[in-house]
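Shown below, as structure tokens, is a lone chain in the form predicted on its own; questions about how it binds or moves come after it.
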């Protein structure tokens, strides 16, 4: 039974892994069903799924073969015990070493051991299956977090100043620094715009505040003069509201997605954030309004709708620091301008960081930095950068020629009419 148990453990682990791989493939295919159809890969996906399920079947059949041997093995051993007992017992009775009553009692007691033996076999089988499953769970729970709190981590109020001091950062698997000598300061209530070409380091810079990776090996990232890695992680994340470019929605209703971090939000608050995210008009097109199911990862919505729902979800908690990582890349320029204006009005006194490819999203920013190859290539106000004749000016003029937004009403006149000319 012990030998069978070891084999069951090994084979059941393989079967569980195969079942997990099958689930991953199904989820991936469902999430990317539009891409599968667009490239006419339905038949290929069916073949791959058939191969995966065949692998699951084979590995579960291997488990079943061992499982099926427990009871027959026990019965064979018990039958052999009966045969040995009766044969040798008859010899002992013939030799007058044992009475017939004693032989009968022995065989009765031997029969009473049959069910305990079967039960032990089943117990070993179940325990080994459970042990294999527990190993998978334990492996996940035992994984040490990439970013852990310092031994004497403190809890702080939202910072009045965030400062990068000659800060350099390198991803764990990178051979070069992904951020290089970043010197930057953001005060409470300011809006920081981060622009630059693809791969320049915009998202990497924002992720330093989210503590997704250990802090950089050179320089310092300070919040109110305290290194950010000395502040409790839950305290740092409690300040933040984060909207990534690839908006993640849960397979629930729009309202449940909005209430994800604010379950007690009032209907009036929900209406406010919907208007800020320019979603009120879209709701009229949904069959059940706020109670419309968005599907797996928002598959039933357009890219712009998913981004705006994710934005409304972040705004509903009114975070002290709002991080928008190219969060409006899928909306048109006019809608983007309305959203930016609404955020400016609603977030007076709150800090906002916006990384974007569109210059129009950071026109109102108090300070703008241009990233290039992990460095700050240019920085200043919009007016400063427009007069410098660098990448920022060239990109702004090119984007205005392609998609002007000069007819958006009620924009802050302090930006100057020349901004939208």
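It should be emphasised that the depicted structure is a prediction, and the values quoted were computed from it without experimental measurement. Residue numbers count along the first chain shown, from 1.
Keep in mind that the form predicted in complex with a small molecule is missing from the display, and what follows is about it.
Exercise. Flag this candidate site as yes only if 308, 341 and 347 all have a heavy atom within 4.5 Å of the small molecule in the predicted bound form; otherwise mark no.
Key: Looking in the predicted bound form, the three residues 308, 341 and 347 all stay beyond 4.5 Å of the small molecule (heavy atoms).
Exercise. Would you mind picking the one in 105, 288, 198, 140 that has a heavy atom within 4.5 Å of the small molecule in the predicted bound form?
Key: Exactly one listed residue reaches within 4.5 Å, namely 198.
Quiz item: Just one of 250, 260, 171, 88 has a heavy atom within 4.5 Å of the small molecule in the predicted bound form. Which one?
Solution: Exactly one residue meets the criterion: 171.
Quiz item: Is residue 213 one of the residues lying within 4.5 Å of the small molecule in the predicted bound form, judged by heavy atom distances?
Solution: Judged by the heavy-atom cut-off of 4.5 Å, residue 213 is in contact with the small molecule in the predicted bound form.
Quiz item: So, in the predicted bound form, is residue 204 in contact with the small molecule at a 4.5 angstroms heavy atom limit?
Solution: Because a heavy atom of residue 204 falls inside 4.5 Å of the small molecule in the predicted bound form, the answer is yes.
Practice problem: Answer yes if any heavy atom of residue 191 is within 4.5 Å of a heavy atom of the small molecule in the predicted bound form; otherwise answer no. | Solution: Outside the cut-off, so no.
Quiz prompt | Non-hydrogen atom contact residue 178 with the small molecule in the predicted bound form at 4.5 angstroms | solution = Taking the distances in the predicted bound form, the answer for residue 178 is yes, it comes within 4.5 Å of the small molecule.
Self-check item: Segment that reaches the small molecule in the predicted bound form - one of 222 to 230, 251 to 259, 205 to 213, 78 to 86, heavy atoms within 4.5 Å
Solution: It is 205 to 213 that comes within 4.5 Å of the partner.
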